[in-house]
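A single chain, nothing else alongside it, follows as structure tokens in the form predicted alone.
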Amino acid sequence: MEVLGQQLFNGLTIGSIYSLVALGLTLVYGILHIPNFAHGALYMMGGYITFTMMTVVGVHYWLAIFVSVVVVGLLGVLMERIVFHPLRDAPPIHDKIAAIGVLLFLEALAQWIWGADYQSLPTPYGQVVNLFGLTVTLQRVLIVVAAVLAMILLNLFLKKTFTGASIIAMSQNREGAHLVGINTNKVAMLTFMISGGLAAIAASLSAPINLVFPGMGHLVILKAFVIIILGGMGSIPGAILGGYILGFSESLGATYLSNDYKDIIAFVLLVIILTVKPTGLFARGGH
């Protein structure tokens, strides 16, 4: 039982990270219909900025995360303005190629600035605590709590504010939103900012248990794409639920099947769910 409890908690931790990354991805996809392949690079930049703020500037972990969220959020806005906005009327393949270009550029930049070595992010929360009879590090508890908080705040923002409502309106019908006077440019920039911020939070939370390196976004972003397809492209509840389904499947699969195959589980799950329900668990319209 204890092993099961431990693995379920690990699943909750991994799922929280996946959900945050997938949320940012699904917001951009839902609104601009751009599969932002460069999202993994934003995640990676988030990890590096937090790392630099803590090790070079010497600020506290939380302040470092805040700076990282702001910087990566602005990087997202820049990406939208410089790369995606000029391509809004181009054939769909163009923004996909541009996104891959941004990904390669940011990875090369990270390697140039920080080098290719794996770096470990110090955390003030390395203590081991006993939680419901499970032995876990405080950092893992923090990941779950911070991720859930971020999701609740995002949900409140989307449901309760005018800006949030205009994001949802635009995700349902871009032309209609434009006609009723919603500033689609502003909403697009804001969406990229939130998306980048969520990626930065996810990376900053997970970096102390994983590591920071230029390719850290690869597997995460692949899985985030699996999650948003699982949950129904553009569905926010689907992205959150998909993240946790994948987190639990992976950590239980790693224990009861084999650790070597845990990264394949995502794709097996994708095939099974899409066979049963081709539109994903929460097809669009399920906002």
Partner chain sequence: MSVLLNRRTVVTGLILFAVLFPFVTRNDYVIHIMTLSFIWMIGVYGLNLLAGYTGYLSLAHAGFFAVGAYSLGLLTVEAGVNFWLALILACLFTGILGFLIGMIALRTREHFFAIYTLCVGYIIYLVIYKWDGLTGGVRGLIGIPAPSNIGPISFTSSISQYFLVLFFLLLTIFFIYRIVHSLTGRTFMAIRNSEDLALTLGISTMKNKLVSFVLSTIFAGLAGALYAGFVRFIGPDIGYITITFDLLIYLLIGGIGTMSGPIVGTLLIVWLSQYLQFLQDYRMLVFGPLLAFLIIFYPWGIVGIFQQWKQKRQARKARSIHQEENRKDEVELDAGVSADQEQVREG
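Residue numbers count along the first chain shown, from 1. Because the structure is predicted, anything quoted here is derived from the model rather than measured.
Below, we refer to the form predicted together with the partner chain, which is not included among the displayed structures.
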Residue-level contact is defined here as any heavy atom of the residue lying within 4.5 Å of the partner chain in the predicted complex; does Val67 satisfy this criterion? no
Using heavy atoms and a 4.5 Å limit, would one call Arg174 a contact residue for the partner chain in the predicted complex? no
Would you check, heavy atoms only and a 4.5 Å threshold, whether Trp62 touches the partner chain in the predicted complex? no
With a 4.5 Å heavy atom cut-off, would you call Pro91 a contact of the partner chain in the predicted complex? yes
Where, among 100-108, 162-170, 185-193, 142-150, do residues come within 4.5 Å of the partner chain in the predicted complex by heavy atom distance? 100-108
Taking the partner chain in the predicted complex, which residues along 225-246 bring a heavy atom to within 4.5 Å of it? Phe225, Val226, Ile229, Met233
